[in-house]
Ligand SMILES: N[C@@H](CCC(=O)N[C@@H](CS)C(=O)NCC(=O)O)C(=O)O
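The chain below stands alone, shown as structure tokens; this is the form predicted alone.
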Amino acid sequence: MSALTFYTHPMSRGRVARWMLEETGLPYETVLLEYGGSMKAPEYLAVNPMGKVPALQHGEAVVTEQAAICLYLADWVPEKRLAPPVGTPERGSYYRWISFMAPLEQLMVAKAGGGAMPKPEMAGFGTEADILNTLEAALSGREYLVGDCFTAADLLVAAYVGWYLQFKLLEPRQAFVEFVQRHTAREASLRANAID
């Protein structure tokens, strides 16, 4: 396997990607970047023209965006079962919950902005109640979102929900709090946090 190079800043969304890297057990090199400095330097813009982190370079492949990094890494270590096998019903749910973080983030950014919420027919998330009730139903009474083991979907949902609970943008429903506590107590999560 080609070397993995992980571009990040310890106070960024790169913390989620680091958690995923730690779950895989794959060796990787970390390149720390600074906001407004090395993150916008020509050398890094050649890796990620957006000039933001995280980014993962694997040989000639460059992967940016949290969900893409998690999907990419999970497929490299099938023995870790971080993704359900292709062709199973669980694979569809896995994609669904990883993708569900996009409308959740749209809602949270809209709330953080403090302005008027977009009309439900214009918002990718519908209404706040739609998002929160759907997420609560998915997390209630189950240990994992998909199947019988921890996957990248659990990682992303726990990370995002935890982040928004921390900043009080998401109401602390019991199912949310318990899901985050359970999964962020994993050894790989604790290792990633210690590194960052």
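Counting begins at 1, following the sequence as shown. This one's a predicted model, so the numbers in the text were calculated from it and none came from an experiment.
As for the form predicted in complex with the ligand, it is not shown, yet the points below apply to it.
For the candidate spot formed by Ser12, Lys40 and Pro54, every residue has a non-hydrogen atom within 4.5 angstroms of the ligand in the predicted bound form.
The contact with the ligand in the predicted bound form, taken as any heavy atom within 4.5 Å, belongs to Glu65 out of Glu65, Glu128, Glu143, Glu136.
Look at 166-174, 128-136, 45-53, 22-30: in the predicted bound form, residues with non-hydrogen atoms within 4.5 angstroms of the ligand sit in 45-53.
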